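The chain below stands alone and is given as structure tokens, in the form predicted on its own.
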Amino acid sequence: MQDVLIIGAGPAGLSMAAALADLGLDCLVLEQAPEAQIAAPAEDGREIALTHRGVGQLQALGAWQDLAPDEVWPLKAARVFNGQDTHSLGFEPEGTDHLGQLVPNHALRRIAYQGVQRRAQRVRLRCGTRVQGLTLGADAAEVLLEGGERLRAALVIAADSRFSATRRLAGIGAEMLDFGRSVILCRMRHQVPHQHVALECFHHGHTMAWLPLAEGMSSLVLTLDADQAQQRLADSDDAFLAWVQQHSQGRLGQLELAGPRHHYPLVATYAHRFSAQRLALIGDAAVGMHPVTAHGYNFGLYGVQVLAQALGAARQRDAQADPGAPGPLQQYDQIHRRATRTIYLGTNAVVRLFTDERPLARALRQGVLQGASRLPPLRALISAQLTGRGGPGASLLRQLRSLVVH
């Protein structure tokens, strides 16, 4: 019987396997895609804003060192604009010189694969494998594969996307919020230096975020209603560039398309539970975030850290501890829920407010930006959440409550 079966070889699943291997646990990772796609993932347009805590977790796994210098760019500050208003709300780091680091998603996927290759004695990767059934028993969990093969393990970990089939097989529901919007991603060269400052521009009918990469280069994250996104995708490169240039309001000067366009629908998910008998959910299978606050990938790393710590503590007490015992799984569930729930709800509320085109909503969001700019402690608290320096399990709600009390 296997110690741990992990379903899904994305960054969360592979990072989880690496963390558990370091605890002395043997892991088998099951993945539908061919191994060539996992070993050398294609560029997908996504740039990930890693918090300090997220970077620290990758360093602890020995993965951060595998990134090339030209795959990491500092994010020193962020500014939020509402419509054509020249006033902006700024976020600067507290106690450090940057909010986080920007890294291409495909590079993070690659280093996660490299990490499990270094742990080949304890981690096996089985690709081209589809899971059809799941049984969670008192003594073991059993996975049924396509073709009829059955695998048993002390613990099964689902890391198979926000639309997790494993979560459904386990009978765990999830909140799903379909924003009816899509995101178009592409790299743009620009005339005005970005100075490593991200811009989040909430325009009427769409949102433009600019993530600073190499000098003179940013990643455009364009959020539109789904039907409008299809129109922009159908545009020629010249027509698309002209549309972006018109709506960028000159903040980065003359623009030039520097890569292909990528398209993703926007759906947020939150599992009703993060654990069950001999099962844990991590990554997007637990929490699938809207990208506006850049927490999604970081939440995956936080979950890996918390679950590994819970299982590691159990093994310190008893070297023969059952990996699927309920205590550590329940502890993980509680801690990770406290760390993510408020930010998930708050992010969805912000997205609704800043994409609502009714006059009252426009006035309210202008008031929110102006009010936050006059409250440095509030900006500091939000910055702490952006950097991940609030500590494991910290929530903006608890910090706000503390601010009011004291």
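All figures in this text were calculated on a predicted structure; none of them were measured in a lab. Residues carry their position along the shown sequence, with the first being 1.
In what follows, reference is made to the form predicted in complex with a small molecule, a form of this protein that is not presented.
Of the listed positions (Phe202, Phe91, Trp73, Tyr297), a single one reaches within 4.5 angstroms of the small molecule by any non-hydrogen atom in the model of the complex, namely Tyr297. Annotated contact segment (heavy atom within 4.5 Å of the small molecule in the model of the complex): 157 to 165, selected among 251 to 259, 173 to 181, 157 to 165, 307 to 315. Residue contact check for Leu61: none of its heavy atoms lie within 4.5 Å of the small molecule in the model of the complex.
Contact between Asn82 and the small molecule in the model of the complex is not found at the 4.5 Å heavy atom cutoff. When the small molecule is considered in the model of the complex, Ala339 lies well away from it, no heavy atom lying within 4.5 Å. Using a 4.5 angstroms threshold between heavy atoms, Gln114 stays clear of the small molecule in the model of the complex.
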